[in-house]
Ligand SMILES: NC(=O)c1ccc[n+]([C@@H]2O[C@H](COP(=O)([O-])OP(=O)(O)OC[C@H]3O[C@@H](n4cnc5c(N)ncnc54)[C@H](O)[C@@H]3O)[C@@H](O)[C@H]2O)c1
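A lone chain, given as structure tokens: the form predicted alone.
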């Protein structure tokens, strides 16, 4: 049946130099996709692309500040030039957490940096790629949000606002573009073993407090998040649209999860 047909195409993964992005890029490449490995840290993107090539896949590493329209346009154009077709798979993974501040302590610069990286980037990539997805009658967008896009969290107002916005934007894309064969879904990880997801220097006794809230008594591995992204993009994900998947080991099932984190 058409909805289960394998579709091998060109993909872009942002923030792909490490963590969830790197794991996702490698999984998509192993599944046969050509992958644009985008990261503001070009050397790390190149390392991921080299690992993909060594495993027999195709990858193109490109530096990209995802919050800047000119850099987004340039990087996408280079992928299209390299492989002769527009990307039909997009994983918006790039993100920053920012410092822990009360609402009245957040500076204009901090707000702009976090919102541009976490949310404006999703808008820039979607606006650029959706028309070509529509033209071809196929597209898969996965936005890496956070459980803090579903909850509140003291001292993380800007991050929380950006991730709530990402989930709302995901639902809107799903509603508008679903009739054209395009799906858009969000993944909402809890604490993941990445530089962003584990911040022991930011909060005293951080890991003990996280583990105390986790029913499974551990944090996630990046590849566990990447596996869900691969499923949403893959041949059995075509009927999943506008969903927000919590993947946090059951942490958000607790009342008051963010009271002291």
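Being a predicted model, the structure only gives us computed values, none of them experimental. Positions refer to the first chain, counted from 1.
Omitted here: the form predicted together with this ligand. The next part is about that form.
*Asks:* Looking at 226, 59, 66, 232 here, can you tell me which has any non-hydrogen atom within 4.5 angstroms of this ligand in the predicted bound form?
*Replies:* Flagged contact: 66.
*Asks:* So this ligand isn't shown here. In the predicted bound form, which residue out of 88, 173, 79, 94 has a non-hydrogen atom within 4.5 Å of it?
*Replies:* The residue from 88, 173, 79, 94 that makes the contact is 94.
*Asks:* If you check in the predicted bound form, is residue 217 within 4.5 Å of this ligand, heavy atoms only?
*Replies:* No, no contact at 4.5 Å.
*Asks:* Under a 4.5 Å heavy atom criterion, is residue 145 part of the interface with this ligand in the predicted bound form?
*Replies:* Because a heavy atom of residue 145 falls inside 4.5 Å of this ligand in the predicted bound form, the answer is yes.
*Asks:* So, in the predicted bound form, is residue 51 in contact with this ligand at a 4.5 angstroms heavy atom limit?
*Replies:* Residue 51: no, not in contact with this ligand in the predicted bound form.
*Asks:* In the predicted bound form, is there a heavy atom of this ligand that lies within 4.5 Å of any heavy atom of residue 12, even though the partner is absent here?
*Replies:* Judged by the heavy-atom cut-off of 4.5 Å, residue 12 is well away from this ligand in the predicted bound form.
*Asks:* Hey, of 80-88, 103-111, 131-139, 185-193, which bit sits against this ligand in the predicted bound form at 4.5 Å between non-hydrogen atoms?
*Replies:* That would be 185-193.
*Asks:* Check 127, 169 and 238: does every one of them have a heavy atom within 4.5 Å of this ligand in the predicted bound form?
*Replies:* Negative, none of the three is within 4.5 Å.
*Asks:* In sequence order, which positions of 97-123 have a non-hydrogen atom within 4.5 Å of this ligand in the predicted bound form?
*Replies:* The stretch touches the partner through 117 alone.
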